[in-house]
Every structure is written in C-alpha cells, then in structure tokens.
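Two forms, one protein chain; structure tokens for each follow separately as structure 1 and structure 2.
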Structure 1
C-alpha cells in the first residue's frame, strides 16, 4: 500500500509483519586480504591506512619511546612532589593547595599521557571492520581470542622495550604513594591526639572574636557569646594578654559563654567554683561530629547542635539529653580577676573536646 507524507512524497507501508533486510555493502574482517582488511574499493569500502612514522623509521620509534618514558618520569616527580608538599609544606600557606593539586595532576596526567602516546605511537595499528554476529562465542573463537590477547601483549613491546617497561613500573609504584598519603594523614593526625589539649591555659582571659576582653556583667542574663583564650605573657611592665590565634587554634578552643539566672545552675560535684555569678563556659565543639554548638534556648536552657539536632542541658553540666551525641560538652573553669575580667581559672577543659569516638582513636 502506498501513502503520501505531508510533502507529497510517496512512501510504502506493509500490512504484514516487519521484514528485516540485509543492508548493502556488508563488510567482514574475514574478507579478502592477508591483513584482515577488505580490499580497497571492495564490498566493505575500507581503504588501507598509511603506516605511521614509528612503524617505518627506527629513529622516530626511539623518539616516541623516549617521549613515553619522559611522561612516566614526570608522573614520578609529580608523585614525589605531592608527598613532599603534604608532609613538609605549610598547610596554612597560600601555595599549599595549588602545589598539592598541581603535583597530583602531574602524577596522574603523566601516566595518562604516557599510556596514550604509547598506544598511539608504539603499539601496532590495525584497522578492521567486522559484522555483528551472535553473542555466544565458540570454543575455537575463545581460543583464538586468547591467542590474540597474548599476541597483543607481545606487540605492546614490554619485553623488547626495557626503558618503557622500567619507567612505567617506576611511575606505577610511585603513584601508589598518592593513595598511601591519605592513610598516613589519618594515622598521624588522629583528632584524639590534637584535641586532648587546646590553647586554654591558666590565667588566659576570655576574649571575643573581635578582640574584646569579656568583663563580668558584659552579658545580660540569658545572653550567650563565643569566646577564645587570650594567653597571658609576662613582660617587664606587667602581663600582656595575646589574643592572636591561628584558625585551627580558634576552632579547637572555641567556647560558649552563657549567663544563667541566679540559682538556676546545678553544678556537678567538684565544679562549684567553675562558675562566676551565673556565667558558665563550655566547649563549642559538639561531642557527636564536631559541629559548632551555638543555638541557645533561654526558656529551656538548652544548647542545640544545628547539624544533627543534639541537645545539651546547660543547667546540668551540658549533659546530652537528645540526639546522637553521647557525652556532655567539656566545661571550662572560669573566674574573675581583680580588674573584673573573666579568665580560665584552672587551665584547659577537664576532658578532651570534640566527638567522643576521637578519645578512643
């Protein structure tokens, strides 16, 4: 039956079942020619490819081999740079992250470019077109495939190109260092070690992030502030309090200062002198996953962690009463000096700050 499309051109439809036809110019790598290629202008229309320079010129082959080896050596130096920068470089300097990224790019890119050039310039180039056949292979075809793979390994030239083989092996072994570095970092910088002690020392004044020392009465009842240690430094003219801390030191030592109504606090045994006129100080680092605890409900006297909704009862030593946190926030003993400034009366927190599992790491 003949119909017409919107443009007036006729086309044919069939009422019977769909018939699959064989398209013209079928090609098969098993056709004529010893190389497995169809003859030029033959049924497949596949023409012979001109050989590349490395296949006919020994000097070009040697140049390609040296170029491949050069990229593998670049990968080695990139890996070494990544490892050295990680362990020797200053993580707080501006150069650190770009240096790590560049060295990692050289380590991975060197192997990648080397393998690509090796495949393009040193491995045999064969062009073949094969007809799609059934998915199941016969035993003879499986054996032929195994022979082809074995021949491909030989054609890759690892046996006869010791320079490429050795530099590739060296680049591969060195590249393994990239994956070892993160494991060593995790082992050497367990948070349980770094957070056993913070920057709080005996006599350190409480100072805000703006550098203002906190005096008794600065906070209203129900008020909350984030404070850091200003370390006392004896000088010839008296004691100087240095509030300058690095970002990591601030993060470890961050403390929430809360002023409770008179008589509301219920100090634990032995902590009666850790409070000044209702002012209590606790670590700001949540004991679940290390998020900053800073949401304070004045009516319930609860501290909330915004990350996973852990809740701490400030009146009861900041005990964890809800959520995934399993222990109380560490408390900082504070007192007031003759000038009215609040300071750390006994030194550091009474226990390590941060998640509970860090203590057991």
Structure 2
C-alpha cells in the first residue's frame, strides 16, 4: 500500500492542497480569467471553449428563450389535458388511460425539457477549477501502519509455524471453494422440459379437488370450478381414472372450468370444438407471475388475478385485457364422453402454462 495511485507522478509530501498546474484562486472564476490557466493539453489544464451562439448572438438568445417558453407552455397544456381527461374520461373509457399517460408525460416532460434547454442555452457558461486536498495519508501514518502490520505478522508467528500456516491456508481454500457450488447449481438446475408440459393427457377426466369427476350439467350457467386431470389407466376391468397428483403436479395442472351462457363464447379460429355446451377450460395459472386466476365475474365474464389485477376476457379466449399479464391464458380442449363425463379431448395445453421463462419456446 505504499505505492501511489497516480502512477509515475511523484506524490506530494506536505499536508496542504495538492499543487496542480492551476494557479490558486481560480475557483468559480468566470471564463475571462482563463488567461491564467496552463497551456491546453497540459497536466490539469483546461481547454478553453468557444462561446456558444446564444452568448454572442442576441437573436439566437431570443430564439432559445422562445424555445424554453414553448416547452413550458406545452407543460401547461399537458396539465390542463390531464385535468380535463380526469373529468371526461368516464365517457371515453378506451382513451382514458393513454390520454392520462400522455398528458402527464407532456406536463412533466415539458418542464423537464424546458429546464434542460434553459440551462444549456441561456444560463452563463463558466469554466471553473475546484481545488482538492490530497487524498493520501501522510508518510508518518503510512510508516506507522506498516510497522503495526509487520509486528502483528511477527507476533502471530506465521513464518515459524508452518503447520498452522498451511492448515489455515487449506481451510481458506476449502471455504472459498464453497462459492463454486452455487455456480454449479446454476448449470444443474435448468428446468429442461418440465415447464413445457402439465399432467393433462388425452382422455384425462376433469376431477375436482374433492375427487368428483365433473359431468356435463354439474355446473350451472355462470358457474366456475377448479379441476385437475384424472389420468386414464387401462386395467383388465376397464379404464380406471386416477386423480392422485403430487402437490407440484396439481399446482401445474390447475384448470378453471367455466360454464358460459349459450352462444356467449367467441372461440378463436381452430378452437371451435374445444368447448362443450358453453363449458370452457383455461389454465388457472396467471401468465404474469403464476398466481391462481379465479376471480370470475359472471356478468362481465372477466377473470381477475388477485395478485396484480390482471384481467382476462373469458369470452375472447381469455385474452389479457388489463394489468401486467400480456399473454392469454392457455386453453384446454375438452369434450364429453358417452357417460356424460368431461375429459381433455386433445391432451395437454398447446403451450406452456404460467409465466414466461428463459427457455420458453
């Protein structure tokens, strides 16, 4: 620690201000005093700048003044627009949020741009040099510290106790090696394909948390139920449906089944036969942060996520219409079997459920 940071420059030995190649008393001086500065390019020298147009040209100054005033006026109009939008926004809901945002941007941005231009174009441009004290400790302090450290090393006897020294070194190395473990985990813990699929398979029956297989007609119009897959297992006596899932499998496969009034659903192209008699099934996991989306408003057919207020329109393929979620909830194709039970007609969701992740294709 005896070397100086500034490289080849000899460090200063006194406690006073460092002697830069700047004459004293130049602090906060106007540009006119620049004759006293060192030659341009020299150590600590300040290049003299050319005056800007506004300093020499009165017309340019006027122009700049008007520009600044224009930005301030824009801010005033933005503020007025913000207030007006606040009161008339109810009548034009589709423009409400963008209009609020844009007028507020103009109101704040106008002041901001105006102030920046004011400072850059109109305020006096001053070249100033601020003197600073030397950052280094005094030689006496440095010597005293060196002495203390050397005495400490001597007292610890590291040099004459190789056993202690080497084992300490070993302990330090082992401890440092611990930091490699999380780095290895970074490599090992890739989710692979586990996030791409849920437990839904073709023919899996829709089963409630209580273990009841959902039949057509169990839900009233305007009803909602949370369902999980009951995987079909062929046995000698016929197909057996297994509703047993681990807690993680359940969390991944949770699906909301909603019965809409007849004719209300507007299926997307190619999804016309994913629906049975107004029954639609969507992933219950929010595409924003993975919360369970199950606040169903049966009059507006909005599904609301309780965590960050994302809203999905059930009638329009559960499109995200408000809030931080941007992707629609994935839809599960369902059909009804001859016994009246609802089942997944085409297998799993056609896209990964829940929030985005790095490997999501």
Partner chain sequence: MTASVNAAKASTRRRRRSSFLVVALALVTTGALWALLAPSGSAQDSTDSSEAVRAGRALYLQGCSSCHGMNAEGGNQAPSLIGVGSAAVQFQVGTGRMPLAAPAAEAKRKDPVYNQTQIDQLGAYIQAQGGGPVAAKVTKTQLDDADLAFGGELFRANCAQCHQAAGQGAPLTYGKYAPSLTQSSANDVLNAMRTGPESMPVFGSRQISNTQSVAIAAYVRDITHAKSPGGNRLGSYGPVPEGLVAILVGLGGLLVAALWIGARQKV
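Predicted model, so just to flag it, every value in this text is computed and none were measured. Numbering follows the first chain given and starts at 1. By rigid core we mean the largest C-alpha set that fits within 1.5 Å across both forms.
Colleague: Since only one of the two is the form predicted in complex with its partner chain, can you say which one?
Modeller: It is the second structure (the form predicted in complex with its partner chain) rather than the first.
Colleague: Verify the C-alpha shift of residue 177 between structure 1 and structure 2: is it 2 Å or more after superposing the core?
Modeller: Passes the 2 Å threshold, so yes.
Colleague: Core-aligned, does residue 90 move its Cα 2 Å or more between structure 1 and structure 2?
Modeller: After core superposition, the displacement of the residue 90 C-alpha between structure 1 and structure 2 reaches the 2 Å mark, so yes.
Colleague: Tell me whether residue 289 is among the residues that move between structure 1 and structure 2 (Cα shift of 2 angstroms or more, core superposed).
Modeller: No, because once the rigid core is superposed, the C-alpha of residue 289 moves less than 2 Å between structure 1 and structure 2.
Colleague: Once the two forms are fitted on their rigid core, how many angstrom does the CA of residue 168 move between structure 1 and structure 2?
Modeller: Spelling it out: core superposed, C-alpha of residue 168 shifted, distance 4.7 Å.
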